[in-house]
Ligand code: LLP
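A lone chain, given as structure tokens: the form predicted alone.
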Amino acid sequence: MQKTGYYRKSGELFLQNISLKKLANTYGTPTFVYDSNSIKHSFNLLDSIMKPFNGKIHFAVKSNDNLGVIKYINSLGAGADVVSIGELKRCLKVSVKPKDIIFSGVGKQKDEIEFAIIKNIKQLNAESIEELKDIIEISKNLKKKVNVALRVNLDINAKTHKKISTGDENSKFGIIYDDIVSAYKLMKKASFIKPYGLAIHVGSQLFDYDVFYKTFSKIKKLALELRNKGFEVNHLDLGGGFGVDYSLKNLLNYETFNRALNKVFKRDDFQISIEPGRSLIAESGILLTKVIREKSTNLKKFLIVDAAMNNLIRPTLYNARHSIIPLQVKNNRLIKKYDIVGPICETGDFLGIGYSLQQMKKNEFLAIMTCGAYGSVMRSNYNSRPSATEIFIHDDKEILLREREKIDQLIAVDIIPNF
């Protein structure tokens, strides 16, 4: 029987029927492990909400750009939301249909816009008047039509971390509300632009019904105003940002989003798309790490592990607190309070501060939970550290998605000058 999420058997952590301790020993650490059942469960939850609206889910590739992950989510029925030509090419590599791809992002360059237009993607989301003018000029030069949606900055406080709040006028994202009519006039006059509606995204880690309701109400009001002025507004891209509980205390649900969606759009004829990333895959991912040693000072006890901020930067960048648990529970161990830190030469290199865990010993393993989104995708090679292995668990089988880099590979990238 397939299981959704992790579970313990004789104190040992498993995903589906795979021992994570065995994976750690086989592939080494640090290693990311993704659970296909968890991804499928999250997708089906959201898909059931969108079906009454004939809505389309577009996976936000920025949250995890592994080709195997993109391919699997696409096989479930999702399209893709990309923010660079690199992400777009990744999607095409695993046969995501261009008609199912949305291209967002504030800094699309000429070659990226040209490539997207030539490939006949579903839509380009223009994020400024200046960008819209570039798209108009490029499409005219190519003599090729393109669907363009306008990303609107609704100046809404998303009540989330300031680094993932994107919907107020202090952020770089979107066209301000007051300029949308002017932008639509530009599109209407352009020979090779098909106006494709409006797009929004006010931030990430959203749970608040009032934020969803206010956002959806405001975008609907603007869409109706544009229609009344004679503009074509058939599509509404409502973005993503659905929250995940990193403490694991609450199960994933889309209840507040669902309520707001039904309240605002239930009897409307808009074609709706959404762009979830984190909520589809965060809970599927676990980062396995090995204890290098324990270290004590007069003030603290540290667990020094082989994963680091180059593998998972969220704790130091966003003050994120992931659940961290042993791969093997030992009931006879004392409970100690640890700071869990990596080997990188930075004070900010920590995975968790002030965690109560059973006493851990050298070469034992920990699991850092909810790492499927914004984990490996934000990796670096700081301190010349290779990136982690990535494994996918599907139908009770382990599939290698990405091999661990070798130090020699990192060195080979540089060109040694002949001084």
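One-based numbering along the sequence shown. From a predicted model like this one, the values you see are computed outputs, not experimental measurements.
If you look for the form predicted together with the named molecule, you will not find it shown, but the lines that follow are about it.
- Proximity of G240 to the named molecule in the predicted bound form falls within the 4.5 Å heavy atom cutoff.
- The named molecule in the predicted bound form is not approached by F43, whose heavy atoms all lie more than 4.5 angstroms from it.
- Using a 4.5 angstroms limit between non-hydrogen atoms, M378 touches the named molecule in the predicted bound form.
- Shown alone here, E275 lies within 4.5 Å of the named molecule in the predicted bound form, counting heavy atoms only.
- The chain is drawn here without the named molecule; in the predicted bound form, the stretch among 355 to 363, 33 to 41, 387 to 395, 59 to 67 whose residues come within 4.5 Å of it by any heavy atom is 59 to 67.
- Listed residues K122, K108, R314, H235 were compared with the named molecule in the predicted bound form; R314 is the one with a heavy atom within 4.5 Å.
- Proximity to the named molecule in the predicted bound form, defined as a heavy atom within 4.5 Å, singles out one entry of N153, S139, N310, Q205, which is Q205.
- The partner is not shown here, but in the predicted bound form the stretch 318 to 337 reaches within 4.5 angstroms of the named molecule through a heavy atom at Y318 alone.
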